[in-house]
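Before any questions on how it binds or moves, here is one chain, the form predicted alone, in structure tokens.
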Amino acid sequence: MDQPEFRFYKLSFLLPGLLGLLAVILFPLFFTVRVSLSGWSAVSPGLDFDGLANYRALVSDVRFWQSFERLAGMAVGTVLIQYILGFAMALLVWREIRYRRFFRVLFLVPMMTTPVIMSVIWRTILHESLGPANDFLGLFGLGPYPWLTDGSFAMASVMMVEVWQWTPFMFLLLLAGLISLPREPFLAAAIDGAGPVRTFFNVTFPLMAPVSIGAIIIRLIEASKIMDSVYVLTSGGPGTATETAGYYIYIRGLKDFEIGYAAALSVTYLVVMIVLLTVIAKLLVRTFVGRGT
């Protein structure tokens, strides 16, 4: 058993890294809260204390709350599709099929692309008059469709691009979970005469519950920060049809230069996301595991 002096000696080596980590995390957070209590703007720069004026203003900021609703719908919708597709892809290459190593690498290609470059490529593909997407559909007498210039189409296009790029990440997590599953339950199911569908719902899916919950939460956290694809594909348009909370904060902070108000929006965004993700995590545990803890 370690002596107290030796334990302190070991922990002292962790102290510099821990202090650095706390500084990197806590200082920006506290500074943002302080900025949110100021009236810092292009007209009045500085950290003059303005109380809760910014928070009172954002309560009635309809555009901010609408952008939050769009972000929530976009995040939940894309992550749900990513989970279904990622699970199907993971099941496909988990089995003994030909060229499964090739397919494992192929499925990861979209995730290897830089998000901004990927968005530029998709913006070219989905261009209404010059893009190959409408040219291809035209061969079948379909289109042209306003992929990025109509509100409904633009939202669907942004979600499609997000699903295309980040499904491989979900696939990777779920495949790792499948590979780590014990073989005994599957052997028992085979002895009992269970078919593939019954084995999946009674064995595979329940055993994958912890991995599924973790993968969904990780992707929800990332999807709640959708910004780059919106910026490149639609710039929040047409109008505000694809404007997310992050993009709206960017507009108020770095375009309108209302730094104090943008900081208040950021703090509110963080608090709301923590609450929502906590609730979603509990719901996922109840759904997958069947208990409320």
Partner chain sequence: MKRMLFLTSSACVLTLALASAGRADQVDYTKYGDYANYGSAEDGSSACSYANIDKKDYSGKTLKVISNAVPVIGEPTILHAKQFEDLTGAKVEVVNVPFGDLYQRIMIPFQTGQAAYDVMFYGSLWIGDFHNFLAPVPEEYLQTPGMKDVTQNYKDVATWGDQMVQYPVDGDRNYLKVRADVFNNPEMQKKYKDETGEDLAIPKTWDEYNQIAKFFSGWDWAGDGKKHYGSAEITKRDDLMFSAFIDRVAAYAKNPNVKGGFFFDLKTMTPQVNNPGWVKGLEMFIDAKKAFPPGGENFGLGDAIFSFGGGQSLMEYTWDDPFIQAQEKSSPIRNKVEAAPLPGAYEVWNRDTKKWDKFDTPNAPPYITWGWTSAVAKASKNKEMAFDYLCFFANKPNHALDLQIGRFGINPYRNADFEAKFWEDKLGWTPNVAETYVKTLSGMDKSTNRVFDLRVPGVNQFMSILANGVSQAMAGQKTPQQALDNVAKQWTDVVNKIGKDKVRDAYAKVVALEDQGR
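The model shown is predicted, which means the values in this text are computed figures rather than measured ones. Residue numbers count along the first chain shown, from 1.
Unshown form predicted together with the partner chain; subsequent notes refer to it.
Residue contact with the partner chain in the predicted bound form: residue 241 places a heavy atom within 4.5 Å of it. Proximity of residue 257 to the partner chain in the predicted bound form falls within the 4.5 Å heavy atom cutoff. Contact check for residue 41: a heavy atom falls within 4.5 Å of the partner chain in the predicted bound form.
Interface membership of residue 63, defined by any non-hydrogen atom within 4.5 Å of the partner chain in the predicted bound form, is confirmed. For the stretch 232-250, the set of residues having any non-hydrogen atom within 4.5 angstroms of the partner chain in the predicted bound form comprises 232, 233, 234, 235, 236, 238, 239, 240, 241, 243, 247, 250, in sequence order.
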